[in-house]
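Before any questions on binding or motion, here is one chain by itself as structure tokens, the form predicted alone.
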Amino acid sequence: MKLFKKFASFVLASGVFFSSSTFADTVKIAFIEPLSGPYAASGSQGLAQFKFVAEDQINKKGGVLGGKNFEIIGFDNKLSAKEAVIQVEVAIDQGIRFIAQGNSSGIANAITDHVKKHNKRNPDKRVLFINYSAVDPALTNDKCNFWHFRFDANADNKMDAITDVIAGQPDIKKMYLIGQDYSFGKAVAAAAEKYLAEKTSVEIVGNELHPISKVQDFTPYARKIMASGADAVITGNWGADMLNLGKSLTEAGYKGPIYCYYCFGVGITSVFGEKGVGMLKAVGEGFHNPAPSDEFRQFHKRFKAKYPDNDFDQPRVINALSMLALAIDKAGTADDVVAVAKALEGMTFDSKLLNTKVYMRPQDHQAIQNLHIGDHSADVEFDMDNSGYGMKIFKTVEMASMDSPTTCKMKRP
């Protein structure tokens, strides 16, 4: 007790400040996603990937700052923007300074707004938002801010790649657009309209939005798509909405291609099975067929040994946590998130594991990377959903949208 009092007196007299994490063994990252309800599979899948990458690629290699490990802590937002903001505050109250989220751009918009306001009001408790999957273009355009970093390509970047493929398909003359009625779904539709008009003479014969996570039976939508005479469909649907849309389309006898953002992974690939061959064509930053490296083969084997019922379908998690670790080491601190953010800006990460480079564009905090278009196929080394099927790359766009314009006018602290 006497020793503690002497130490406390020294602290007060000297003005030395020790933050809550000065003596911590870990750098905590709050993973705020749906961990219950109909979209729990998406959130749990992401949590497994974050935990594994943190352990396998960061902690086993010495961690950060000379030995601190990354610790991933899950928070259930119940797919609610309001609940997500509450969980951000819970995490901040626990001393966590890094927030990770990606499922639903609507939730990402709520988080980035809240983080911006919080950081302005609480300069001693600032946090960074690591966006690994929410792709509403506004997040790195009009709504950009210094505290937000996106490690996935945005919806416009992905549609640019998709429509490059469609432009080379002369049999596609009529297109039907369908998506979820929120910011991301609207962004996908707007980008499809823009790029189809610029690159093709394809006629859009349907363009509609449906309530997110509310439709159980998509049969009425499937009937409208069939009646329209559409040769192809574009959708940004994910989770249960993607699964149910696809099931209704196949049951209605639809045989054309579905160009999609999230039509693969646990709970989706096995349901499509043979029916998805020649139909599902997805855009993404990291499909594994062919394997990007021998090192990735070993990494994937370790992941499946620990999580046999999960897929490693979001390799950008490797990029996000690896680049964050490098930024923390460069900044020399995990407490001063301004220094960490400045270290992330303009960073180029060369991933030997994924055999790719990622550039964090400083003007808008948008990650620039290779994008792939993949076919749902049985001819794969790495399947998904333990189904025997996976995504096989047939087109790659190198460092996609490197020079794409942005309306971001970022204010820095």
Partner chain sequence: MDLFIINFLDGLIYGLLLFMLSSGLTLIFSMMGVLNLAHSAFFMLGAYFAYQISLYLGFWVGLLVAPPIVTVLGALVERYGLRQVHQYGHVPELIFTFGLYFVIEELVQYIWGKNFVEYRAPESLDFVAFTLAGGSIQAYKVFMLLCSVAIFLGLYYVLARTRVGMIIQASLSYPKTVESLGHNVPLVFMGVFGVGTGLAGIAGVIAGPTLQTYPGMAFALGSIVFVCVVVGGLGSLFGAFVASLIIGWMKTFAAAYNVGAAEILIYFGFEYPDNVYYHPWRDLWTLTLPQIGPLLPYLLLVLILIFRPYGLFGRRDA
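Quantities reported herein were computed from a predicted structural model and do not represent experimental measurements. Residue numbers count along the first chain shown, from 1.
Below, we turn to the form predicted together with the partner chain, even though it does not appear here.
When contacts are defined as a non-hydrogen atom within 4.5 Å, all of A41, Q216 and K275 contact the partner chain in the predicted bound form. The shortest heavy atom separation between H118 and the partner chain in the predicted bound form exceeds 4.5 Å. Shown alone here, P362 lies farther than 4.5 Å from the partner chain in the predicted bound form, counting heavy atoms only. For R223, a non-hydrogen atom is located within 4.5 Å of the partner chain in the predicted bound form, even though that partner is not displayed. Within 4.5 Å of any heavy atom of the partner chain in the predicted bound form lies no heavy atom of P123. Among L35, M347, A48, I368, the residue placing a heavy atom within 4.5 Å of the partner chain in the predicted bound form is L35. The contact residue chosen from A282, V266, I96, A161 relative to the partner chain in the predicted bound form is V266, the criterion being a non-hydrogen atom within 4.5 angstroms.
Of the candidate stretches 245 to 253, 123 to 131, 319 to 327, 137 to 145, only 245 to 253 has residues with heavy atoms within 4.5 Å of the partner chain in the predicted bound form.
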